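We begin with a single chain expressed as structure tokens, specifically the form predicted alone.
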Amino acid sequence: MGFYILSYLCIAVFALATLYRIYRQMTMPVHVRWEIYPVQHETSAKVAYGGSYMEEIDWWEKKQEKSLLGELLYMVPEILFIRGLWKENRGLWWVSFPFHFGLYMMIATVILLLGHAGFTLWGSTVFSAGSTLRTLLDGFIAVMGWGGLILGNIGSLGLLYRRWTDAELRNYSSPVDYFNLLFILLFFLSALVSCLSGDPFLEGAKAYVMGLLTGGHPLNAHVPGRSISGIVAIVSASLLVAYIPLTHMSHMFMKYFLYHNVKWDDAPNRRGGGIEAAVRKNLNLRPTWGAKHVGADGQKTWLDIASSAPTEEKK
């Protein structure tokens, strides 16, 4: 039962940390407006040549037509396939893509495992042993699980190698970057060893997820952690669930806010509106930036700094 208690605690930490991150994101001071166009939710025909509705006279007085589908068509390939890295750094993409896609496949595997446990608990004849639905779901779990583990191990080892051997990457790689990769590699490697040592169809994972949903009553009286690799896989997976939202790795799901609420926030700043009030509030903040040319000493407000003449750099 100790393994299940650990998993429950880690899931609770994940939920609380994620909710807190979202709360912090939604209550942070208004961001600096990017005003880079076209934005992906714009439906204007001008988007085809890189223009925007801002070319129109008195555009702020007209109703804006937006499409969430346009944003998703951009975000999904970027998040799943790291399209930006493919364009800008093809060499790094070859190790970064399997790492990230391996993680996504493992997330999909967990969702499939939950579905498997749910159907089993439902007890429908549609999901009885040998049924088409059960066979298909078992097959998907095996394919996604093995694919995720193989890609995850390749990507983790590849990224570690690149950070150790690439001078540019090594210059800005902190100890925590190596720790994160080694931590994730520990899970991928231990889970792969568990599958290779006699569990090709992830029956242990199915039993463990069933135990999570039933308070410690797994399938077929399966006892979790029968092998050292199984123990390491369960413990490392549980701890990763709690650890990821506490670190910058949470960008895998917080990217939505960067795109939707920051990069593509094109709501007009109307006089007397909420954005104007938020900007005025920001101008009264007293920054303490270390850059000397900014002159942020903790006493001057942003309004003071922005309205003062720049100082000449002493040589």
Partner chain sequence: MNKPLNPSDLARPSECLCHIEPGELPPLPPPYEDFNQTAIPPLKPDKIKNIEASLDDTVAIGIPKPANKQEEEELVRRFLAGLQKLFEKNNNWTFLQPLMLSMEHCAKCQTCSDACPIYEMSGKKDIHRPMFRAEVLRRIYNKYLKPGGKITAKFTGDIDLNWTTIARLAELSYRCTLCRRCATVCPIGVDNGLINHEIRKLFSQEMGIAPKEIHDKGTVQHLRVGSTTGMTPAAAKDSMEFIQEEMEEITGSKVEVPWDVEGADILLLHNAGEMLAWPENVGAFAIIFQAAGLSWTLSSEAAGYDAVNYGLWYDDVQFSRVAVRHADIARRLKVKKIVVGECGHAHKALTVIADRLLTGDLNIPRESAMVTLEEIVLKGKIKLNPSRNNFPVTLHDPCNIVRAMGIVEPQRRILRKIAPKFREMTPHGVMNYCCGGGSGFAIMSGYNFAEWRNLVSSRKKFLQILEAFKDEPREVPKYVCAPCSNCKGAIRDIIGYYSAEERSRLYYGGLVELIVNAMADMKKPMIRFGDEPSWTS
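Note that the structure is a prediction, hence the values are computed from the model and not measured. Residue numbers count along the first chain shown, from 1. Here, rigid core means the biggest group of C-alpha atoms that superpose within 1.5 Å across both forms.
The following text describes the form predicted in complex with the partner chain, which does not appear among the structures shown.
J.: Among Asn282, Ser44, Gln40, Gln64, which has any heavy atom within 4.5 Å of the partner chain in the predicted complex?
T.: Of Asn282, Ser44, Gln40, Gln64, the residue with a heavy atom within 4.5 Å of the partner chain in the predicted complex is Asn282.
J.: So in the predicted complex, does Trp122 come within 4.5 Å of the partner chain, heavy atom to heavy atom?
T.: Taking the distances in the predicted complex, the answer for Trp122 is no, it never comes within 4.5 Å of the partner chain.
J.: Taking 4.5 angstroms as the cut-off for heavy atoms, does Leu19 touch the partner chain in the predicted complex?
T.: No.
J.: Mark Tyr172 yes when one of its heavy atoms lies within 4.5 Å of a heavy atom of the partner chain in the predicted complex, and no otherwise.
T.: Tyr172: contacts the partner chain in the predicted complex.
J.: In the predicted complex, does Gly70 have a heavy atom within 4.5 Å of the partner chain?
T.: Gly70: no contact with the partner chain in the predicted complex.
J.: Out of 162 to 170, 194 to 202, 230 to 238, 114 to 122, where are the residues with a heavy atom within 4.5 Å of the partner chain in the predicted complex?
T.: That would be 162 to 170.
J.: Using a 4.5 Å heavy atom cutoff, which residues in 52 to 76 contact the partner chain in the predicted complex? It's fine if the answer is none.
T.: Sequence-ordered list: Ser52, Met54, Glu55, Glu56, Ile57, Asp58, Trp59, Trp60.
J.: Taking the rigid core as reference, does Ser250 move its C-alpha 2 Å or further between this form and the one not shown?
T.: After core superposition, the C-alpha of Ser250 moves less than 2 Å between this form and the one not shown.
J.: Does Ile11 move appreciably between this form and the one not shown, meaning a CA displacement of 2 Å or more on the superposed rigid core?
T.: No: Ile11 shifts by under 2 Å between this form and the one not shown.
J.: Is there a C-alpha shift of 2 Å or more at Pro287 between this form and the one not shown once the rigid core is superposed?
T.: Pro287: C-alpha displaced by 2 Å or more between this form and the one not shown.
J.: Given a change of 3 Å or more, say if the Cα atoms of Tyr49 and Trp86 sit closer or farther in the predicted complex than in this form.
T.: Closer together, by at least 3 Å.
J.: With a change of at least 3 Å, which way does the C-alpha separation between Lys46 and Ile82 go in the predicted complex: closer or farther?
T.: So the answer is closer.
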